[in-house]
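This document opens with one chain alone, in structure tokens, the form predicted alone.
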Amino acid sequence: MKCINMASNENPYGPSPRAVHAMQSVLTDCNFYPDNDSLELQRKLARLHGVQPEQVMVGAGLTAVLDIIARALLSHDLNAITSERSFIVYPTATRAAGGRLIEVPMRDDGYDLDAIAAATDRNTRIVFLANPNNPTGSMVPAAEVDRFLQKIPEHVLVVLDEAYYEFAQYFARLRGIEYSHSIDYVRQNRNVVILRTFSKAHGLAGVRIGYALGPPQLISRVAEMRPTFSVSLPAQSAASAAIDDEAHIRESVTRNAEQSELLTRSVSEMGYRVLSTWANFIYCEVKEDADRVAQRLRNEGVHILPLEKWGAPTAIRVTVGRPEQNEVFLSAFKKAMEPAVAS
């Protein structure tokens, strides 16, 4: 049985037609190595955000960028701090760099910024802050991040991971909440690195491209550690074209908001706790072993993500799909959970 994949937080509406055309137009040039520094895209991103080009680094997806940052700053006697139930790459990148990861308990299913600030010590070099957080979908408002940064020592880099920025920004406008001052931190040359990706709202997960914004000295140091020619020519061309297709981004975030509300309401009405999301997925407590639930859903043709490895053994994460995909999921979820209801 072919499964609908609702496990990886991809954009179900695909990439911008402009991005597809841009990739096709450079295929005959793929016998040449790509620009190692992605200079054209770097400059375009700098203009977009009102920062200097030397404050921008393009990389082969945020997982690769996180790995490089960790290797640049951590060693066996140093630590990084994040929250429990956060992005699973943070512990992986920290361990690969030889560092120690401190995971602070959550507060109300979100980051406890006061506890994270209190956990920093002279050996701390990085704080990883996913905003919105993956997998809970929770968000820390801009004012709270402002206050948090005032408590962080100068020797600590705050990595502000905004992979789901476009979705959160749209939700923030709908809900009347100020989401992010992140670009202001970059312009102020704060000890903060902002991470953004083309994998989510732009629909380019398959070509692996993202970027970092931060202090020029740090960006230069991190850029030197990238694998040579790591960002492909099609990826650079697609990202540049995707930035310009505002209509595609707007359609993606609008439909996501509508469908996430439908999923949240429908699953909640079945008696399960669903967190309010600021991203393109929902986090749901299923009241039993999530791996078993995931297997029953696979039997019904839907692939979702059980969260035991994230420290949430009775929770699942479900990507918000197209309307027809969400209908299939809701039908499959209702059927898969019938044994639990009957018991």
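The first residue of the shown sequence is 1; numbering continues from there. Since the model is a prediction, treat every value here as computed from it, not as a measurement.
Just so you know, the form predicted in complex with a small molecule exists too; it's not on screen, but the next bit is about it.
**Q** Is every one of S260, I282 and V318 within 4.5 Å of the small molecule in the predicted bound form, counting heavy atoms?
**A** Not a single residue of the candidate spot has a heavy atom within 4.5 Å of the small molecule in the predicted bound form.
**Q** Which is the contacting stretch out of 162-170, 142-150, 67-75, 242-250, given heavy atoms within 4.5 Å of the small molecule in the predicted bound form?
**A** Going through the listed ranges, the match is 162-170.
**Q** T63 near the small molecule in the predicted bound form, any heavy atom under 4.5 Å?
**A** T63: yes, in contact with the small molecule in the predicted bound form.
**Q** Against the small molecule in the predicted bound form, would T82 count as a contact residue? Criterion: heavy atoms within 4.5 Å.
**A** T82: no, not in contact with the small molecule in the predicted bound form.
**Q** Even though the small molecule is not shown here, does A238 get within 4.5 Å of it in the predicted bound form, heavy atoms only?
**A** A238: no contact with the small molecule in the predicted bound form.
**Q** Is A130 a contact residue for the small molecule in the predicted bound form, using a 4.5 Å heavy atom cut-off?
**A** A130 belongs to the contact set for the small molecule.
**Q** With the small molecule left out of view, which of T94, T197, T136, N256 would have a heavy atom within 4.5 Å of it in the predicted bound form?
**A** Looking at the other structure, the residue within range turns out to be T197.
**Q** Only one of R226, R125, H202, R208 gets a heavy atom within 4.5 Å of the small molecule in the predicted bound form. Which one?
**A** Spelling it out, the residue with a heavy atom inside the cut-off is R208.
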